[in-house]
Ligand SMILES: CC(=O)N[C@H]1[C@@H]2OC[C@@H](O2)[C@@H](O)[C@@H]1O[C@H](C)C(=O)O
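In structure tokens, one chain follows: the form predicted alone.
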């Protein structure tokens, strides 16, 4: 039975809430519906940055000390507003939607401590929007010893299988952190975080240029990447570790660029993201034939160019060229995962998160 599932995603880039509707049975996608977006205001974004700073002291995933309680209320309200606007704009009613997948906002990810924290009140959201909500997707995986990320690979596989092209195919999501899904037929599904996505670059642009991000990579295109700095950064143990592996948004925040012009700094951080993605190639069973790039980084033309330069003869294309809604893929994925969670189907696997066995997950909250 097909479900009308609405997915919600607020990524580590802290830009806002993505909304996407799909029709799915949790195994395949029958149809793509409309998408929406509710940006965070500057004040909301500043609050979330403070929440990220405070969250480093958490030792329990349900604790909300200090500003984290306020941040959770803001995140929940923003998602409720995003759903209300989406429903109104598309002339729908809440009863037209069977299930909502609510990821929440990650403020801390420490799988080695069996701790991952996504703020956002699932029961409160369900009551506000009058639709059942599946939330808290990652906790069961982490509690079982998995990395709890990346969580989109099962959806990437559903999309890639519809292409009917020869593998291996890698789907790259460049959000705050970058992650890849390696797909080679139905039997081989491998995933991991590869390193920084847009987070280091966005933070750099905010600090130095008072801009939220480098639009289309135009600023980085003016600079020259410091390849020696990138080579040193890639010597960190994370990059040599085999999949599965995952990161917190701030795991590379301690890396300092040193004294260089801002454009060179942007170029260096952009190239670092591309180099970190390409660094995963020797860790995969076979060299990928094609790379499909989604997430915010797919709009960064300089980042795409730098990735093409580093993956050899493989074909690199933005997801939009395939008719995929690049900005909405993660939101669609959490609608897909909500449907899988309802059906008791696995959300994560040993080769995607390192969990001991295929794991279902998510908690349902009813209005």
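Residue numbers count along the first chain shown, from 1. Nothing here was measured: the structure is a model prediction, and the numbers come from that model.
The same protein also has a form predicted together with this ligand, omitted here; what follows describes it.
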{"query": "Options 146 to 154, 124 to 132, 263 to 271, 285 to 293; stretch whose heavy atom lies within 4.5 Å of this ligand in the predicted bound form", "finding": "146 to 154"}
{"query": "This ligand contact at residue 220 in the predicted bound form, heavy atom, 4.5 Å", "finding": "no"}
{"query": "Touches this ligand in the predicted bound form: residue 170 (any heavy atom, 4.5 Å)", "finding": "no"}
{"query": "4.5 Å heavy atom contact, residue 336 to this ligand in the predicted bound form", "finding": "no"}
{"query": "Proximity of residue 193 to this ligand in the predicted bound form, heavy atoms at 4.5 Å", "finding": "yes"}
{"query": "Residues within 4.5 Å of this ligand in the predicted bound form, restricted to 85 to 117 and counted by heavy atom", "finding": "103, 106, 109, 116"}
